[in-house]
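Just one chain follows, in the form predicted alone, and it is written as structure tokens.
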């Protein structure tokens, strides 16, 4: 059973906002979100219902406006990595599921922001910003996770004479799995091969509405943390030619561009969870009495908390640097920061796992009680070391980048 998130032991520190990576607008954004997030209470027993509830609340609160550009109802002229990082860090501190709901709105619609036609952007992005449309990003397959080139979902185009679809339409056939928001999304950004022999150069992207005949999103995947995931089955799923997202056979580059924007924000989510675990550990150590003193009085406890704090801050610096470099690069024509984002994602998720494990250990038997905050964090953090590129993939990205230099 997963209970509603208990109140934080103390508000998250905002000392990191003084770092030079952020400007006054970023600081105001984060400081405004803290009290809002702390005041929300959502019953997270049913992950699907809770995720829908979070999307609605985030939309009504105006926070989803940072997932789309201003031209389509967003808060800023373009997607801003530092804003995404601060929003995800703060949300994850209070509720990893709230962070999940926010992140998937951005990731699920990110490809439309980057490469959608004016008609596609007008149709979908305002609904995403208002929390009226739930978005999803469908890339992974049973045999194609990190190895995107192994994708087997096919989009056959231009029905031949006598076919059942209109000229220029596509039919998608294949399976996607581990799809976040699967089964609750209103639309999916789906990647499929339009040139089966082309490897990554033969992949295209499509927008597929949830009610499209031939799409079955009913197979819910139960995982250790309460996230709505599903397997999508496409069986001769017909979409019109204007469902093509970006250039034909340009889907791989579009997917990587989308992930580049949001990879640093995955690090931020891990950072928020680590900060919460550290706050829980400090709070518990000050309150827990043993052997005539508090747990905080023991030097071993002090050393452990010191190690946790250093792990948090080192992850924060890499995360903020990656987001800052991405935003600065956009001003200069879109310089990619793949290696820096990979460093942030790898370090923040691995450090958060260690911090949360140490926090749970400090709690002793209370730490493994179902419903305790450190117990739920222990389950929540594990998937972040895998999705959007496992730690080992991030290591390869970083190493390849250095060798190419």
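Bear in mind the structure is a predicted one, so any value in this text is a computation, not a measurement. Positions refer to the first chain, counted from 1.
There is another form of this protein, the form predicted in complex with a small molecule, and it is not shown here; the text below is about that form.
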4.5 angstroms heavy atom contact with the small molecule in the model of the complex for residue 146: yes
Non-hydrogen atom contact residue 180 with the small molecule in the model of the complex at 4.5 angstroms: yes
Contact label in the model of the complex: residue 227 to the small molecule, heavy atom within 4.5 Å: yes
Contact flag, residue 231 vs the small molecule in the model of the complex, heavy atom cut 4.5 Å: no
Interface residue in the model of the complex among 156, 140, 95, 301, criterion: non-hydrogen atom within 4.5 angstroms of the small molecule: 140
Of 277, 104, 112, 86, the one that lies within 4.5 Å of the small molecule in the model of the complex (heavy atoms): 104
Listed range touching the small molecule, judged in the model of the complex by heavy atoms within 4.5 Å, from 310-318, 76-84, 131-139, 243-251: 131-139
